[in-house]
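Only one chain is included here, represented as structure tokens and corresponding to the form predicted alone.
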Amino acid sequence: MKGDLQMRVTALHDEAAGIRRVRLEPVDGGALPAFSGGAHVVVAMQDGGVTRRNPYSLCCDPDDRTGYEIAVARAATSRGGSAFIHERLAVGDVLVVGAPTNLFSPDWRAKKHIMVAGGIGITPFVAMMAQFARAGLAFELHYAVRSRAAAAFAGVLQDRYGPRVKIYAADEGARLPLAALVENQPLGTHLYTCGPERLMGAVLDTARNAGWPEQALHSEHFMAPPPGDPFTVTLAESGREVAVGPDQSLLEALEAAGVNPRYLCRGGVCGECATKVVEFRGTILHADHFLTPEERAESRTIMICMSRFSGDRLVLNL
């Protein structure tokens, strides 16, 4: 895509149990495009004959324009991206990295920022906190993990920010005090959450039940496309048929066939890949976080990065 960067792996570090940090620096040198806390990049990885493109939050200081850093958890049910990074990626390898995109930007008007992370959901907050601290803003991080051994960045963040960083390790019996977190906060406080869907849902529901306005609530959803039965999609502009495998997203199948639709997040959040449904006989299996319930019921649009289809005919405006 336009703005793609050729970047070399210059360091690999096991940040915590099952979490690998990757530093990427531009092949040609020079300053990288600027980004702000909460931004992500899409990394393209050549894994044999398959190109895997996954979004990862940037977890480095936005003031460092010499390189980007991502941290990737070793997923037990990896579709290929995390396994590639943990098992095959080596220092010196060159990857294609998209320009940074931010769908989880802090609201800089906020009087206070409260961040709630779970597991690998810590990554966007590393960059955010660097900016908050430089700007002299009030902030807190509440970080839920299985164990301290699995708490990526915990030590360095506590060293930098002291009591503003609180760790809750499940194996120590610690639990996030969600009700207490959302009570009696100053007017103008904003709440950010990233991590497992269950955790984010609990954080947001607790805040809403306590009367927090929607504009003060922020979450980041990076989910892998769900597997399912294979199906075939017909492209209206050419009449061409493209087969979608059980472990492919529609977007991935189209890319493999040489079609390059627009995208940004590849996680069903941003709306960039929204595609008009010309005709279908069957059921569109929506799996995004962008369409409204009414739009899902109408099924006139599909988010091709996440959603699937079950039926005998699907025609898209491509």
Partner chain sequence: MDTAYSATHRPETFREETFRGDFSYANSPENIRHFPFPFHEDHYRYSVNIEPHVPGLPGSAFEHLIDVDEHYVAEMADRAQVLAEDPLRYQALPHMMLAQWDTLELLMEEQARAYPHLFTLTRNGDQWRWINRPLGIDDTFTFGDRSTLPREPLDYICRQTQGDIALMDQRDGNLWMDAGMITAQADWSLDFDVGMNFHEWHAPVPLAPQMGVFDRALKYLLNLQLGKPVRRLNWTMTINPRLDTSPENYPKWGPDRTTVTPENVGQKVHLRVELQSLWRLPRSNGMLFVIRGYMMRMDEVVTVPKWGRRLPRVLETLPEELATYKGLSRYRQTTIDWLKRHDDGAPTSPGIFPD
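Only a predicted model underlies this, so the values are computations on that prediction, with no experimental measurement involved. Positions refer to the first chain, counted from 1.
Here the subject shifts to the form predicted in complex with its partner chain, a form of this protein not shown in this document.
A residue is said to contact a partner when one of its heavy atoms sits within 4.5 Å of a partner heavy atom; residue 109 meets this definition for its partner chain in the model of the complex.
In the model of the complex, residue 46 stays away from its partner chain, with no heavy atom inside 4.5 Å.
Using a 4.5 angstroms threshold between heavy atoms, residue 276 stays clear of its partner chain in the model of the complex.
Using a 4.5 angstroms threshold between heavy atoms, residue 63 counts as touching its partner chain in the model of the complex. Contact with its partner chain in the model of the complex holds for all three of 100, 131 and 270, each having a heavy atom within 4.5 Å. Stretch-level contact analysis of 31-39, 277-285, 246-254, 49-57 against its partner chain in the model of the complex, using heavy atoms and a 4.5 Å limit, identifies 31-39. The contact residue chosen from 234, 147, 105, 158 relative to its partner chain in the model of the complex is 105, the criterion being a non-hydrogen atom within 4.5 angstroms. Of the residues given (215, 238, 209, 184), 215 alone sits with a heavy atom within 4.5 Å of its partner chain in the model of the complex. Residues are counted as partner-facing when one of their heavy atoms sits within 4.5 Å of its partner chain in the model of the complex; in 284-300 only 290 qualifies.
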